[in-house]
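Form predicted alone, single chain, as structure tokens, below.
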Amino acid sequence: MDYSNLRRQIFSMKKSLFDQGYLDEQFNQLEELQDDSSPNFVEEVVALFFKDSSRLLTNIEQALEKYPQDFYRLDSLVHQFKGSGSSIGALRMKNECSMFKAHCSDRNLEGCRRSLQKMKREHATLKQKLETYFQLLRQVGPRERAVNSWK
């Protein structure tokens, strides 16, 4: 694939991530922090997020299985997950975390379970989409990655 087609594909993919509500402005702000001294900064931050958030999802799932449910602990774990997702601009995940937290406030166990399943789906979908996005960016090289021309 030639360079200009690849750039168009990257632009289109990023635009669709925003248009479909997967990402918000925080992702652009994260990209602005990337420069020649750390050309893989965003990819590294996102990789750390997915590593840490997978652990958090497991902790949330385990806390949901305990009886009696500790809704305060669940809320705290989801608050952590939401904060981590917000730091990379994971809008859909952040919104589902808000729903989960509302279910915790209502002590609605079934609502929490449904929200957890949605959070896990959004997490997996975003991970797959961002892996594809970063693969494309790696193909254009560090010169292009350091330039955030797709806002």
Partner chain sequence: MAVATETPFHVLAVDDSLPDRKLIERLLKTSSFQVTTVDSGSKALEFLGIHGEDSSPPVSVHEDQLEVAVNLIITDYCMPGMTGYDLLKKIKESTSLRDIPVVIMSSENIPSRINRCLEEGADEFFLKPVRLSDMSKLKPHILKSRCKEHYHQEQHQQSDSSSNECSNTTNSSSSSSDNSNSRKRKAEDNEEVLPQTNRSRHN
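Residue numbers count along the first chain shown, from 1. Since the model is a prediction, treat every value here as computed from it, not as a measurement.
Separately, the form predicted together with the partner chain exists; it is not shown, and the next lines address it.
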Original post:
Thinking of the partner chain in the model of the complex, which stretch from 106-114, 39-47, 59-67, 120-128 has heavy atoms inside 4.5 Å of it?
Top reply: 39-47
**OP:** Can you work out whether the partner chain is within 4.5 angstroms of a heavy atom in all three of E25, G83 and S86 in the model of the complex?
**Re:** yes
**OP:** Please check if S54 has a heavy atom lying within 4.5 Å of any heavy atom of the partner chain in the model of the complex.
**Re:** no
Original post:
Any of the heavy atoms of L33 lying within 4.5 Å of the partner chain in the model of the complex?
Top reply: yes
**OP:** Could you confirm whether H79 comes within 4.5 Å of the partner chain in the model of the complex, counting heavy atoms only?
**Re:** yes
**OP:** Evaluate R92 for contact with the partner chain in the model of the complex, applying a 4.5 angstroms cut-off between non-hydrogen atoms, and reply yes or no.
**Re:** no
Original post:
Since the partner is left out here, which residues of 97-122 would have a heavy atom within 4.5 Å of the partner chain in the model of the complex?
Top reply: K101
